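Take a look at this single chain, the form predicted on its own, given in structure tokens.
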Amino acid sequence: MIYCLAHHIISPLGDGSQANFEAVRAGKTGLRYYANRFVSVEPFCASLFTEPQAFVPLCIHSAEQAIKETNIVPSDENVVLVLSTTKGDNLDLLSPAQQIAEHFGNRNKPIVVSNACTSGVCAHITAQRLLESGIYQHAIVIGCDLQTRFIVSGFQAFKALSDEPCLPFSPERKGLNLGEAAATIIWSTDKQGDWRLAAGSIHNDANHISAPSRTAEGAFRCLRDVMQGVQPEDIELVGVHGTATPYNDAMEQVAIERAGLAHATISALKPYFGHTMGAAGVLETIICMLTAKKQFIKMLSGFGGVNAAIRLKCE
């Protein structure tokens, strides 16, 4: 079995998981209007750090804070680093992971998971498979992305961004807001934490390069997989992608209804953090752990038809 030993979030809402959780509970948001953040980019609304951050130091800081809460030695050969990111450090995916591993003196080859918006959840599933195989005992999963002119202009080209705070699942939703953050979860085969990573699933519905399946086939299959042996009423919370784009929100609603989870509380965190891309599946899982009492599901979907879901249970 795979357990969460520790976690950490750093975002514009604060430094530390509890600080971010309390900010959300208080209704605070990191979303701001930016008129001149990047050259030749239309104004946009996003959750960005006040001062520009460097990718590798931000990842290291988050990982160090989480590691402090455990007794693991990050340089040990039984520890693996898994980095979730969609754009890395200026589109460099591998070398940042290598730099982070070198900082901790870890000689194992770090693993980079870059699978569009599902990267964070896929990173958890990757860590789960590595630990269950017996190759490693601990996995440090870090999720991080920082916004750039390239990213913002790309989403604007898709007409996917809103210049106002996003409204997931609202009839008045206009699109998503981007965000910046780094988050870390340390998974282990040691039972030292309350939350257990009980199941994970990844499916590609092969529907379209950027549009989600109208029938939510991929997302539904992920939910069906992670709910094996579990009754729908046992799930108290579903953490959704909730981008506030018309088609993605509609697809998630279909998937939830098909899976018999319409009764569950829905957690949509983009109005607080924005879409933190590679960090989303890590950051939002942490907030769900701090919110739920017994059992929840975290689901994400992304470009290329990818879908992923995990189920966590409190022992």
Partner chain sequence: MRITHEIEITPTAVILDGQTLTQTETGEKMLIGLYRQHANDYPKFFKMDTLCRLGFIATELLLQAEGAERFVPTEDRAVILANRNASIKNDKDYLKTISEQDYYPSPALFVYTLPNIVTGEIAIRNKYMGETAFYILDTPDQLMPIVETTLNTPYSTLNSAIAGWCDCSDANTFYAKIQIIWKN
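Residue numbers count along the first chain shown, from 1. Just so you know, these numbers come straight off a predicted model, no measurement behind them.
One more form of this protein, predicted together with its partner chain, exists but is not displayed; see below.
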Of these, 230-238, 130-138, 71-79, 166-174, which stretch puts a heavy atom within 4.5 angstroms of its partner chain in the predicted complex? 130-138
Would all three of S153, I202 and D205 be in contact with its partner chain in the predicted complex, where contact means some heavy atom lies within 4.5 Å? yes
At 4.5 Å between heavy atoms, is T189 in contact with its partner chain in the predicted complex? no
Would G16 sit within 4.5 Å of its partner chain in the predicted complex, counting heavy atoms only? no
Check R214 for me: does it contact its partner chain in the predicted complex (non-hydrogen atoms, 4.5 angstroms)? no
Considering non-hydrogen atoms and a 4.5 Å limit, does its partner chain approach F21 in the predicted complex? no
Within 4.5 Å, heavy atoms only, which of I60, V41, C288, L261 is in contact with its partner chain in the predicted complex? V41
Residue by residue through 297-311, tell me which have a non-hydrogen atom within 4.5 angstroms of its partner chain in the predicted complex. F303, G304, V306
